[in-house]
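First, one chain by itself: the form predicted alone, in structure tokens.
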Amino acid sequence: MSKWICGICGYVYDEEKEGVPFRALPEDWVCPLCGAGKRLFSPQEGQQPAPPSASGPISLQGEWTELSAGALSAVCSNLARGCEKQYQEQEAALFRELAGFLAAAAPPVPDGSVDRLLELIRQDLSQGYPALTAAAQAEGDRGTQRICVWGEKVTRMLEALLERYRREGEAFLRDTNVWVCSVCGFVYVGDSAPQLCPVCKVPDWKFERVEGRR
């Protein structure tokens, strides 16, 4: 008998206590705390698999990237969130206004399919986060390293949710709610928000319910 640990929230599935081997659980079984699928669990014993390593620190000197209106809108939206957390309501309102203006100016996404979104998410997991983590470690930037830990967990959960949506379609979201943690961005599907965010551990009142749109 062994124990399996959730890579998102740290929940431990104890085979001896549960009486069912982990590998014998149905494929649609999910973590009882955060809703992560079986694929996001790993054996507790032994070393955890090391994430893919980047080729080396990233130098940003002299390297500039032109962002699209949609990307700038997302940046301004995040800045508005940051201002809210610092109780800077006037600045937050200005960033929200700018985010809305940029979102309206953004052209339609040429391929907004679930498959394309999964492709981009997996690219972040295999390349983006390892590279950013390596750069943060090289600079001794503990704040960015913490952001990477949270961000990677949230992104892995998004990958799992999208895979489930691709399998089950609209039935996956029928008669339930979608909740987003306002601190780290963790997404949870269920009737009510979790009592604690599985990633950043804030209480349930920090979650916001996503309203359905036609």
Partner chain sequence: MKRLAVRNLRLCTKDCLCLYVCPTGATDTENSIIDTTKCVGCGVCADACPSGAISMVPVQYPPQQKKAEGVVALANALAESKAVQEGMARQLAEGEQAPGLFRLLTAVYRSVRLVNEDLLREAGYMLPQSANSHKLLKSWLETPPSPDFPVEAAKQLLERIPCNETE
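Rigid core: the largest C-alpha set superposing within 1.5 Å between the two forms. All of these numbers come straight from a predicted model, not from anything done at the bench. Residue numbers count along the first chain shown, from 1.
Heads up, the form predicted together with its partner chain isn't pictured, but that's what we're talking about next.
Asker: Is there any non-hydrogen atom of Gly151 lying within 4.5 Å of its partner chain in the predicted bound form?
Answerer: Taking the distances in the predicted bound form, the answer for Gly151 is yes, it comes within 4.5 Å of its partner chain.
Asker: Does any heavy atom of Trp29 come within 4.5 Å of a heavy atom of its partner chain in the predicted bound form?
Answerer: Although its partner chain is absent here, Trp29 would stay clear of it in the predicted bound form, with no heavy atoms inside 4.5 Å.
Asker: Would Val178 count as touching its partner chain in the predicted bound form under a 4.5 Å heavy atom rule?
Answerer: Because a heavy atom of Val178 falls inside 4.5 Å of its partner chain in the predicted bound form, the answer is yes.
Asker: Would you classify Arg146 as touching its partner chain in the predicted bound form, given a 4.5 Å non-hydrogen atom cut-off?
Answerer: Yes, Arg146 lies within 4.5 Å of its partner chain in the predicted bound form.
Asker: Going by heavy atoms, what in 164-201 lies within 4.5 angstroms of its partner chain in the predicted bound form?
Answerer: The stretch 164-201, when checked against its partner chain in the predicted bound form, contributes Tyr165, Glu170, Leu173, Thr176, Asn177, Val178, Val180, Cys181, Ser182, Val183, Cys184, Gly185, Val187 at the 4.5 Å heavy-atom cut-off.
Asker: Relative to the superposed rigid core, does Arg81 relocate between the shown form and the other one - that is, does its Cα move 2 Å or more?
Answerer: Moves: yes, 2 Å or greater.
Asker: Core aligned, does the CA of Tyr129 move at least 2 Å between the shown form and the other one?
Answerer: Stays below the 2 Å threshold, so no.
Asker: By the 2 angstroms cut-off, has the C-alpha of Pro107 moved between the shown form and the other one once the rigid core is superposed?
Answerer: Yes, its C-alpha moves 2 Å or more.
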